[in-house]
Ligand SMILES: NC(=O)c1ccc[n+]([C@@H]2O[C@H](COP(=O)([O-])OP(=O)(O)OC[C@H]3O[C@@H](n4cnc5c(N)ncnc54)[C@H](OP(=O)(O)O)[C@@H]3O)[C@@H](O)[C@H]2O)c1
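So this first bit is one chain, no partners, the form predicted alone, shown in structure tokens.
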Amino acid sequence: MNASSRIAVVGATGAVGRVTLALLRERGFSDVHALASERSAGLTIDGLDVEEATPERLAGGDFDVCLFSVDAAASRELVPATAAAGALCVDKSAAFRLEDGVPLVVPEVNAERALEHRGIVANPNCSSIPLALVLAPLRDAAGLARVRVSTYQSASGAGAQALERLRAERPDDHDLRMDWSFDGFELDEEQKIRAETRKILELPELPLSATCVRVPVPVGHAEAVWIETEDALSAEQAERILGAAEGIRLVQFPSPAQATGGDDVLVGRVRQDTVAERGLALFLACDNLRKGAALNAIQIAELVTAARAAA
């Protein structure tokens, strides 16, 4: 995007939407419009009057880029018409992530896929983004045979209301779990991480097992990751590879508090997994509202519009 791009932030009053507005301001974008649901229309946020997000408003051809931070049902209603009107739509919901023909993009990993879009690019889950970003350089160096991950996801990942309750020291366990459904084997959140990571890394058969929990932390997701590589890779080699990778910063003990407000995925405790042949273990933390959502979407929009301008 350039400074003159006409940008709509849809879902602007939510936790991710608010961070999106702040990041756009930091990056020098001035023609930004805030849209949200009917109940939020008329509010003022970040100095912007909030408009109601309707298919008619978004399909009017007034925007070059639309960044959606709404639920999947709202995205399915709003995104197709917006894309048909010529706007680049970057959608943060699960609505289009696994659809054939819709790129699912982490720019540091598979930026070229974003250029294959047909008006819609999907933003991955806030746990899939840091996981894929860390796995990609190890895949390139030694191949991936198997991955296991346990996520510790902050309250802000359940939305602005869950974050407000936690900050008021009134966490509600059900709301912290959000609406993850359980099929007797795994949560839908765990299914998302496996399917999305496979798509981003272009490893459709990668054995990946996930366990996801919500924790009473305001912002910042953490993940413990166990990796088996196809070729031998020492912990020292893995650490050097990760330290040189874009978007990753090595620290001794990553934590959500350290990651909050930053744009990098923090990685540490890289070590051999002694119970697996060619096994590695590591720990990561990421600001789920920034790189886990808003920043990743803005980076997608920037790379697509830069490619358009250069064409």
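The first residue of the sequence shown is number 1, and the count goes up from there. From a predicted model like this one, the values you see are computed outputs, not experimental measurements.
What comes next is about the form predicted together with this ligand, which does not appear here.
message: Quick check on this chain: which one of Leu266, Ala36, Val32, Leu280 has a heavy atom within 4.5 Å of this ligand in the model of the complex?
response: The residue in contact is Ala36.
field: Contact flag, Gln237 vs this ligand in the model of the complex, heavy atom cut 4.5 Å
entry: Outside the cut-off, so no.
message: Even though the partner isn't displayed, in the model of the complex is Leu187 close enough to this ligand, meaning a heavy atom within 4.5 Å?
response: Although this ligand is absent here, Leu187 would stay clear of it in the model of the complex, with no heavy atoms inside 4.5 Å.
query: Might Leu21 be said to contact this ligand in the model of the complex, defining contact as any heavy atom within 4.5 Å?
result: Judged by the heavy-atom cut-off of 4.5 Å, Leu21 is well away from this ligand in the model of the complex.
message: Within 4.5 Å, heavy atoms only: does Ala297 come near this ligand in the model of the complex?
response: Close contact is absent here: in the model of the complex, Ala297 is far from this ligand, nothing within 4.5 Å, heavy atoms only.
- prompt: Picking from 67 to 75, 138 to 146, 114 to 122, 237 to 245, which part of the chain touches this ligand in the model of the complex when contact means heavy atoms within 4.5 Å?
  reply: Heavy atoms within 4.5 Å of this ligand in the model of the complex occur in 67 to 75.
task: Give, in sequence order, every residue of 12 to 36 that has a heavy atom within 4.5 Å of this ligand in the model of the complex, or say none if there are no such residues.
output: Those in contact are Ala12, Thr13, Gly14, Ala15, Val16, Gly17, Ala36.
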